[in-house]
Each structure stands twice: as structure tokens, then as C-alpha cells.
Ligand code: F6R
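Encoded as C-alpha cells, the following chain is the form predicted on its own, with no partner shown.
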């Protein structure tokens, strides 16, 4: 989940640091940079965010060759010793790595037996120490053959004016333009550098110099075709907002507008028509975290609109189950980044069973998109905050469209109705509640039907950025154990947007109230005087069509998570221990 970038050209420090800033969503435990000039490698590493590193690096504006890294810790604690770049035995080769080396412990034990000394305990240092200070295609290939796991590697030798690279299961891209060259985890780094880039595939390795790219696979040179950077990247600016998270909550409106516009176009209509004409007998929806919650909403849509058997599964568990998958199974993979390692593993599993594969993603050039038979973009534009908001919103909308298409029903009219109804509510009541919630160590969310799914996503958002222990559960399950945890210190959020379940949901709230618990209600309904006293606080949500109440209600919950994080002094864009793109299993 780390971000890596390499560069050959003028202003190397400036370009590398700009690249790290773009890639910081991939990890911000530590950051480092190594630059080669005049046969010497200058190293600078810092624990903490890229901004800390920036303060210690001076741009020399001269030609140079450099590599840089922003880390999300997998193996080894957060410290200078484990920060990248890592160096070979004699210090003549520097590397940066994204991924996990699964057999690093065996490799390290053998190296230690041979007298090799280590300064840290990360798996990435093992890769560096496998080199005996001789970097060329042959030695790189020998090292790669020893590695088991995932990696995107960029390597720098003090004796050569080039950068070496290698890829397996972790994203890597290269661009060469006018006597300059660049390699990075994401082509967003190339936007101000080149209009074209090269996509490095699994098993490929090679090197770049200032004028060329040289790619090999199993010793055979591979001719690569460049791709155009014809996709949008969101502004890196806050645009008047304090954080990306709150900016992106409000960009849900833009995502809805983009979907209405783009899902009216011929190319998307053609993809939907092909999916509709597939011979399908069952559907699997697969994702992790927030994407999984979007999948649960999608399952609800599909079950209500079609007669298919529909399952929604966690990607990290999916491949270990005995799933009934064949060439009539539509397997839908949801991932904001399109690089979620568990979801990609599930995709490969389904491909082995000849299923019809469809990815729903925010990144059309991602691994998931490239490997799926069909791709439905969510058109949310780049999402920077770790806690997903607008991407979740857009994923649910695309799943709604898919359910309508498979049911052979029109969808633009209802989307336009929701477009008019979409509301972001006043912040006043949310800020007031955030002050109360910020003082709690734990919180419960309860709801029935689709509101329970919204509870799961609302609890995850609050948990991610406030670090409060949040538990979501179906209201009807309170009596089966959880009521034992309720006392006069308990705070429970209940969500009620389904008219059919209104009375039952209020009765469940009464069970909390009778045991001394405090209740916050999020609802689109007018609550009678008989029940109003049950709730300590009521947040009114603007009504809209039933199928979109899950999205109308998630917005105030996203805001609640954001403002609670601020109350606790946390950075909502960069919550501890988390990264935006989960590229390791």
C-alpha cells in the first residue's frame, strides 16, 4: 500500500516530492528520498508524513536520478530504519518497494547465515540485501526469481544513469518525455509531465534512462504501446474546504451529475446492453470494507428488481469458500482504486471458473478494470481522503442502474428525481452531536432492512476517523445478546427510513430507552408525540424515493464522522494505521 516514484531529469527533488504528495494516500507512516549525482547517493528519510520530509530536502535544480517512497507499514514498526529507500549490502544500490514478500523470513535467515547484517526488520530490506552491489538485468532477474509475493520495485545504482524496475501484483507505470523519465505507482503522477504513459504488467522488469524504456519478460524484450492520459484527476487543492473528506462529501452531488450524464452516452449504454444479454443464472457481488457495504445495497436492489440468485461476499473470504461459479455466473467486483489486492485475487478465482466478470471502479486504468470482461466506471473523479464518501455514493448509484438494466427498466428518470431531492442538511445539529459523541469510548448503530446496511457504513466511517469503537447491528437482534451492554452510559444511533419498519424500529428504540440508553434518531418521518420523548436527539433527513433513502441518510452520517474526528483533534483525511489503496492481502 506504499507509494513509490522515480525520476530522471532536472529538479529531481522537486518532482519526487510532488509525486510523493500525490501518492501519500497510499501510506504516511514514513517517507524517504534518494538522489544520485556525481556518483554519490544522497539519502533523506523521515518518520511521519511527506510534509515532514519536505522540510528537510532542498531542491538543487540540477540534473539527477532519484527514487522516493511513502510508507504504510506491513512488516516492521514505524521507524527510520524501516523507512525507504533501503540499501544493498555495500550501499551502492537503493530500492523502494510496494508490496509484501511472503518468503522474506526464509530469505533473511539465509542471508544472516552468510554474514549479511540488517539495520531494520522490514521485508523490503531483504530485497535490497539480496543484491551484492551489482545491478543489471541479469542480477535483477536472479533476485526476482527468489521472491514470493507482491512487489513494485524501483532501483537506483550509484554507477548507472538509469532506473531499474520490476512488477508483480502491485501497480507500476512509466513515462518518458523529452529527455526525462518517470516511474510511479499511479499515472496521476504524470499529469504535469507527459500526455502518455506505459503500463507495466505482472512479470515484467527492465530499466529506463532519460530517452527510452526497456521492458523484459523472462529475458525476452517486450515492445510496449503507450496509452494516453485521457482521464480526469481531481484538483489537489482544498477549494475552500478544510479537508478532502468534507470536500468529497459535497462532491457526491458532482458524482450523481456525472453518472446521469455519462450513463446516457452510447459507450456506456453499449456495455450495459452486453451485460443484459449475457446468459446469467446467479450473481455474486464482491468487495472489501466500504465497497462491500455498497455491494450489500446492490444486492438489495438486484433481489428487488430481478429473479436472480444474488450473493454479496467479502473479497478477503471469498476464495476460501466453496462457491457455485460457472460461465453463467455474473461476478461483480467493487473497488474505488481498482487495486484492492483481495478483490483482484477474487477476480482471478472467478476467471478460473469461466464466470462473467464485471468491475465497478473509480479508476478505469486500474488492474481490476484491465482484467475484467466488463467495466462500469463510477465517475466520482479522484478521491483523496482515506475514508471513502463520494465513491461509496457513486458505487451504490451504479449498482442501482445495473439492477434496472437487468430488470429491463428505465433508470434516468428516477436518478433525475433524486438529483432534485439530494440534500446535505444543516451542519448545526451534526456539530452539536459530534461534541457529545467525541466524549464516548463506544457507540452502537441500529437499523432494520436497508437501514441496517447504512448503519454498517455509518459505523465504519465513524470508527475510521474518530477511533471510537462502533458496532452496527440489526435492531431486531438487540434482544439476542447486545442489550446486556446497554446502560445509562450507552449512546445508540438508530436509522429509520423504511415506512414498513417504522413501528418495529421505534419499539426497538424503546428497549434501549427503558434500560437507560441515550438515543439519536436519523429519520425522514414525522415522529408522533407519543414516541418523540423516546429520542434524545432527532436529525431530520429530507425524504426522497425509497431506493435512494440509503444515500440521502449516509451523507449526515459521513458528516458526523468528519466533525467528530475534528472534535477529537484527528486528521480525518489520514486516519492512523490506514491507507487509501489496499494493495496487499
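Numbering follows the first chain given and starts at 1. Note that the structure is a prediction, hence the values are computed from the model and not measured.
There is also a form predicted in complex with the ligand; it is not shown, and the following applies to it.
Chemist: May I ask whether 337, 340 and 386 all come within 4.5 angstroms of the ligand in the predicted bound form, judged by heavy atoms?
Modeler: Judged in the predicted bound form, 337, 340 and 386 all sit within 4.5 Å of the ligand.
Chemist: So the ligand isn't shown here. In the predicted bound form, which residue out of 187, 377, 289, 171 has a non-hydrogen atom within 4.5 Å of it?
Modeler: So the residue touching the ligand in the predicted bound form, by this definition, is 289.
Chemist: Sort through 398, 101, 460, 166 and report the residue having a heavy atom within 4.5 Å of the ligand in the predicted bound form.
Modeler: Here the answer is residue option 460.
Chemist: Is residue 464 one of the residues lying within 4.5 Å of the ligand in the predicted bound form, judged by heavy atom distances?
Modeler: It does: once the ligand is placed as it appears in the predicted bound form, residue 464 has a heavy atom within 4.5 Å of it.
Chemist: Report yes if any heavy atom of residue 582 sits within 4.5 Å of a heavy atom of the ligand in the predicted bound form; otherwise report no.
Modeler: Yes, residue 582 lies within 4.5 Å of the ligand in the predicted bound form.
Chemist: Just one of 281-289, 444-452, 302-310, 195-203 has residues with a heavy atom within 4.5 Å of the ligand in the predicted bound form, so point it out.
Modeler: Partner-contacting stretch among the options: 281-289.
Chemist: Within 142-156, which residues come within 4.5 Å of the ligand in the predicted bound form, counting heavy atoms only?
Modeler: Contacting residues: none.
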